[in-house]
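Taking the form predicted on its own, here's one chain by itself in structure tokens.
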Amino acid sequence: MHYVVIGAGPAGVNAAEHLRKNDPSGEITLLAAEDAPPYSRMALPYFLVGNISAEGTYLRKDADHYSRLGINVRHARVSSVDTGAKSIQLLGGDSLAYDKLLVATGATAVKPPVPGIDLEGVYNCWSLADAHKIIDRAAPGSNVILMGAGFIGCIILEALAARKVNLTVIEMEDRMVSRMTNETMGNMIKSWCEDKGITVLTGTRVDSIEENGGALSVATNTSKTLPADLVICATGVRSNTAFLDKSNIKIDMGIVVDDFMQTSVADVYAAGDVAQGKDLSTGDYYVQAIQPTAVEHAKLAAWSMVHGHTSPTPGKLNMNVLDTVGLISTSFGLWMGTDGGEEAELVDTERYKYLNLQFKDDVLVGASSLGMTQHVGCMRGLIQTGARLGDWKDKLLEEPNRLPEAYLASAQAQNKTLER
């Protein structure tokens, strides 16, 4: 049996390792598009700061890790997949046959259609090559423009702040991290950043970027023109699916998979940021671009590829935990609420404390927090289990900070039920 995994990020590497665990004798080929050993993009900010070397971003530190497991890592890009012939075409002309295929190609950073977006000095922060270029320009005191204050943008923001650059963040939405925060929480994060000396321009769009004598200037829709030594674009990503155009694999926002991570074509599976998998809270299928989901996808896909379709997924919990220059924000499940649901909110703007709980009947279905890490495990546990809170729902509507007590009461009630 020849298993081929396309993509060497967290999903691809974990899948290859679990394929070996489940099938000690199968042939496993892991295709890595970049020349570097498999690495984590989430570690790039630590490299930017200087906390780790480039080698510190590698997913597995032992040089012989893959060979010891009998995993053949091949550095090659895929140009197309022929699912009928079970063959992969590689750039350069080579082809590769497979028995079972896993697509774990992740996502690619995209740049908006802004004049000057491809100038030298305007980069994404999506690869080791990008990180090296950013380090060369992001000297202390240099003028840096960060386009985008979403999840990825805020991770990069922290690394840039640590490099002591003169940082300006430009975000089109009316608040920071809009996909995991409401207006109150997002603007509290903005205020926190401004207190740290970072300029944050929300509700602002970059209209053009120009270069003159090696210096950049960034023009916005608010008539501001800002000088820049470096511009970093963190305005979004898209799933890497272009090479599958003629494969007969169904693609929507990502590769459509079933509850076993199989695509619309037999013996072809997908995992990670490229897969449109099942959401625990809604039962719907969409791309959850977070590393914990990528790893869980990989484990399930590997099991299904070896043992068949015996363990359907109940869906993965949508969750985010973000550190923005020392302020921890989280969101879980249906953090934005649900029709007919109820909401509890605790706001302390002076101390940068925020807690929001979303209920459907007496079940906690979503939650978000800022500066209150003590509640993270309780929020995740209650949402993931769907535990009924009973009278504790009303108590939490009055005092949301009592969440740990509610969690403990729920656990004790569940234990009593199991003992009967």
Ligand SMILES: Cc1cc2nc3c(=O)[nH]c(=O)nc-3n(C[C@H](O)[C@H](O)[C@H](O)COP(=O)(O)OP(=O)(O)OC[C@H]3O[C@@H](n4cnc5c(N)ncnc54)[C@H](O)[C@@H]3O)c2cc1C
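All residue numbers are counted from 1 along the displayed sequence. Being a predicted model, the structure only gives us computed values, none of them experimental.
Although not depicted, the form predicted together with the ligand is the subject of the following passage.
In terms of contact with the ligand in the model of the complex, the residue from I328, V256, I117, I290 that brings a heavy atom within 4.5 Å is I290. For the options W126, W303, W192, Y98, the one in contact with the ligand in the model of the complex, meaning a heavy atom within 4.5 Å, is W126. Between 101 to 109, 338 to 346, 194 to 202, 258 to 266, the stretch whose residues reach within 4.5 angstroms of the ligand in the model of the complex through a non-hydrogen atom is 101 to 109.
Among heavy atoms of P45, some come within 4.5 Å of the ligand in the model of the complex.
By the criterion of a heavy atom within 4.5 Å, A76 is counted among the residues contacting the ligand in the model of the complex.
In the model of the complex, the ligand lies within 4.5 Å of some heavy atom of D273.
In the model of the complex, the ligand sits within 4.5 Å of a heavy atom of A11.
The partner is not shown here, but in the model of the complex the stretch 220 to 250 reaches within 4.5 angstroms of the ligand through a heavy atom at N240, F243.
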